[in-house]
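What follows is one chain in structure tokens, specifically the form predicted on its own.
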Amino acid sequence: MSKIGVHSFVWSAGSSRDELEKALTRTHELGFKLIEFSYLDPKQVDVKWLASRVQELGLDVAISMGLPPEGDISSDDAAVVSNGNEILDRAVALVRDLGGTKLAGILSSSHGKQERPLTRKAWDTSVATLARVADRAKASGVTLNLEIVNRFESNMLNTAAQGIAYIGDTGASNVFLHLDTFHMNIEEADVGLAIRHAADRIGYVHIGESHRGYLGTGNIDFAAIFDALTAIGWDDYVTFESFSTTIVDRDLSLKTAIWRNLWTDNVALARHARTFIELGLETARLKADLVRQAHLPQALI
């Protein structure tokens, strides 16, 4: 059985107990095994209650986030870098307290379109800061998964190869790539080859369509992606992410340019996504088996 997750923004952008409970129960009822939350403020959410509900429903949990401009760890301003360091430490603590192991998202710089090119100083500042966060996160059993996003959402990590170079510079064993098919479809020369090249550095995978809607209704070659994941022996989570302005909060809608709604029925969307991913991965495995097996002609049997 495939390990398939879903982003909570498919269900709700709110963080009230009722909204969180609805997201949890729908995730469980539709057969997903992991729920991903964008960063939740522990001052506004009962973390102990949420952790207990996640455990009761037999779910795994991941947290994703994008650093704000005032917490950009690649900044020239030491106070901004320090603030980003604290933001990341709090996020690691949240993952730990929820019983999870994965912090994902845009962790190396601020989330949003940049108006200037990256500098060596910015790269080095980010690497050094994240390495220190990673060292502390290791004690909590938490991995940092750097989301590789398109050029309009970061000027630092736009390809898996750039992410691998960044990870190498950190020297940390608990820093990995967070790959997202929506972003890869924009930036990578070949998505399948990029996945194969990054194989042992991948820690988390997002599946999203080219227009953020129903899987299979855009232009992404998902068969090639499932083939690549099968080829590298990927056995961790594949998490479905899709945005609609009817669900996503205003700030994220603006940052990710969600100008039109490609769905209104989130239950139908999520059910379709789980089936699509499960069937895609199963088909890739069946193809791989056929390639490996030497089926003799009937006349020789």
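Heads up: residue numbers just count along the shown sequence, starting at 1. Note that the structure is predicted; figures quoted are calculated from it, not measured.
Although it is not shown, the form predicted in complex with another copy of the chain is what the next lines describe.
- Only one listed stretch (100 to 108, 87 to 95, 149 to 157, 134 to 142) carries heavy atoms within 4.5 Å of another copy of the chain in the predicted bound form, and that stretch is 149 to 157.
- Judged against another copy of the chain in the predicted bound form with a 4.5 angstroms heavy atom cut-off, the residues 116, 211 and 215 are in contact without exception.
- Checking 59, 262, 30, 63 against another copy of the chain in the predicted bound form, a heavy atom within 4.5 Å turns up for just one residue: 262.
- By the criterion of a heavy atom within 4.5 Å, residue 275 is counted among the residues contacting another copy of the chain in the predicted bound form.
- In the predicted bound form, residue 197 approaches another copy of the chain with a heavy atom inside 4.5 Å.
- Residue contact check for residue 258: one or more of its heavy atoms lie within 4.5 Å of another copy of the chain in the predicted bound form.
- In the predicted bound form, at least one heavy atom of residue 193 sits within 4.5 Å of another copy of the chain.
- Residues from 277 to 296 that approach another copy of the chain in the predicted bound form with a non-hydrogen atom closer than or equal to 4.5 Å are 279, 282, 283, 286, 287, 290, 291, 292, 293, 294, 295, 296, in the order they occur in the chain.
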